[in-house]
Every structure is written in structure tokens, then in C-alpha cells.
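Heads up, the chain below is alone and in the form predicted on its own; it's given as C-alpha cells.
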């Protein structure tokens, strides 16, 4: 077995993941470092190169928030890392203005993020997946953290840091009926949409029957892409609800994604926090942009006019079981209105079933005895017991305490600044009293 590569450096911060959240944090730390002194920061990302939801960026995929909610503008409109400066740098500022929209396509937003990330290459490592985070103990106190990662070639890396920020994102939610089919290339989550569709026979215009499971934005985008890009494909949309529901993005409701609303949510007790999150659930979960709903309705209406029923829209339907056969994926589905169970065979099944956010618990499991109930303070720092002197921060796992914006792009610049401020304060309180040599001695012990 290949020996692990252990770095002699003790970092001030290691970030798990280098998506938009940690990218915004890298900028905030750079800004603060100009006046408060730079921190030694490193971000680790499991992807081989920078990509934001790269396998979902179909031609119909548009950003659902204003470009002004980029990585920096809400905090510092004059930042060189703004989306507007990105457009200027690429010679498209006038063209984008002429589009007359606040919503760029996600393909372009991905390119913007890649452009920003390219300016932080010295602070980032790609192709490394963090396995877990361990305590570095000295006198029964957690003085630092040991971050163990594995490269795509199997090489293990061990690094030491005074603080860590976990921004690993969501993991695909796989319904129980499909868990036994893991590894079957005919069943895949929407997060793998483009790469998996590139392998399908319909690429060569061969007829295919495809089921999309889900009734949210991802399901709608997949349906439109299959309809437009693959004329040989017949699609069944299968959803538990009675209809595709529109996302509420009206102005007053959109205020729930403001930094001020984060303060409001955090100040409430746990019961009221949960009520507020549930009240605005239809702004983000199991909902679809109204323009996509109208396009899909138009497709089904034209089917009625032509008399050719290419696609089917199966509402109030639950998948009871999924079985791999030589002829395809056999789905037993129940109509919840009538109770009738029918069996259909599909060549491929796309699971547009959302994401779970539990990765932080897995990564931090070796520190569990110090973490309690994974509660965080206002600045996203985990509340640990007095034995843990290391700083542990989370981005994207704090919806229960900070509201719906925690998993979205809406408050990135403000949240990044809050975490950056807390990191500097944490370092000041500790005073970095223990030397690097002492920490490394503890690491070796």
C-alpha cells in the first residue's frame, strides 16, 4: 500500500470543497488579509478540475437568482471578482446588457466561478477527496485537526490545520426502491445527467423509453432537454404530486434570502425556526420556474392537438419497486388516487430526487465526542465542548438554524465575511500560543 504523504505545514484553515461557498470565503479572507495579515489557507476539492454542477448544465439550465448575488457584490460591489467584471474581462458586458436579464445561464455562471477559482490556484488542490477529519490531541485537548484526503490515484495525504470549514455540498438522494440498482448504468441521479446521457443509444437516434422520477426544477430541465435534444426518446414524468408547482420568487417572499432574514431566523427558538423554514419551503424545494412549467404544458398540449402521444405525465404516482431485467428497468408504480399498480419497463431512469446533506457528520465522526448536537453559532462555527480548541465551521449544513438561504447562493458574500471575521477572532483568542513545532510533535504522538 502506498505510504501517506504527510505535510509538515500547519495551516490556519483547510476548506473541504471548493464550490461557490468556499470560493467566496477565499475572496473574503484575501480582502481581510490585506489589512489584518494573511492566513495560511488551503482548499481541497474532489473534482479533477473546477466545475459547478457540471453534469447538470444542459442548454435549458438557467440560474435562478440574480447575477448581482455573485461571490462578492452584496459585500463589495467594487471587487475585481464580481460577475460584472468577469463579463468585462471576457468582452461580453454590452452583450449581456442587451439580453435584458438578471439571470445568466448556469453554463456561463459555471464559467464565471471557474474564472475566479483560476485566480486562487496557489490555495487549492483538485482531485483530492477528504475522507475524515481527526483531532490532534495534546494534554487531552484538541489543539489542531488532522485532515486526511485521498487522491484520484489512491494516494493518501495528511495535513494539519488549526481550523477547518466543511463545505462539501449535498450528496444525491436515492429513493429506497432504487438503492439495490446502484452501479446499473441504466439508472442514474440527475447529478450525472450529461455524462450518463452521452452513453445512451439515443445519442445515435435509437428509440428509447426514459422515466424521470421527481417533480422539481431538475426533473423539468431534464424533460425539456430530452424533448429538445433527443427526438427518438419517449419520456414519462413520474411525480408524487398532483402537478408541477411554480417556485415563489416574488419580491416580498425573496426577502427570506436576505442577510437580515438570516438574523431573524437565528434569533428564534428551534420550533419557530422550523416553522419559518417550512413556511417558505415552496421557494426552493419541489418547485419549478414558471417559464419551464409553461413550456412543458405547451409540449403536452401540442401532443393533444397532433394526436401523437410521445410523452406521458404521470402525477400522484409512487414507485413501489424497481427491478433490473435484460429488457430494461422494470418499475411497479402505484397511482395514489386509484390505488392501481401498473408495471412498465424503461430503457433508462433519471432520478431527479434531490440531495441529502449529511456529509459533515461522516467527515467529522472522529470528533463526535466534542461536538454535541452539531449546533453552530451565528458565524457558522460549531459549538464544541471546552476541550476542543480548534475551529470547525460549516457552510451548507445550517439550514435548521440559519434558514433556507444556507444551501443557496443568496448570501455567499455576507456569510463568507462572517466566517472570515470569526476565523481571525478565533486566532486572536488562541493567540497561536503553541508553536508549529509543538503542534507537529502532537501530530506525531
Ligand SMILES: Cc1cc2nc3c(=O)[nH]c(=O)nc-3n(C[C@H](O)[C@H](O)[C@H](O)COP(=O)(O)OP(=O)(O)OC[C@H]3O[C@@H](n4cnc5c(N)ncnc54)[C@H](O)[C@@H]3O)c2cc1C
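Residue numbers count along the first chain shown, from 1. Nothing here was measured: the structure is a model prediction, and the numbers come from that model.
What comes next is about the form predicted together with the named molecule, which does not appear here.
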task = Just one of 352-360, 324-332, 155-163, 267-275 has residues with a heavy atom within 4.5 Å of the named molecule in the model of the complex, so point it out.
result = 352-360
query = Does residue 390 reach the named molecule in the model of the complex, with heavy atoms at most 4.5 Å apart?
reply = no
query = Are any of the heavy atoms in residue 56 no more than 4.5 Å from a heavy atom of the named molecule in the model of the complex?
reply = yes
task = Report yes if any heavy atom of residue 129 sits within 4.5 Å of a heavy atom of the named molecule in the model of the complex; otherwise report no.
result = yes
message = I'd like to know whether residue 52 contacts the named molecule in the model of the complex, with contact meaning heavy atoms within 4.5 angstroms.
response = yes
key: Listed residue (26, 382, 44, 419) with a non-hydrogen atom within 4.5 angstroms of the named molecule in the model of the complex   = 44
query = If you check 39, 65, 414, 376 against the named molecule in the model of the complex, which one has a heavy atom within 4.5 Å?
reply = 65
Members of 95-119 lying within 4.5 angstroms of the named molecule, judged by heavy atom, in the model of the complex = 106
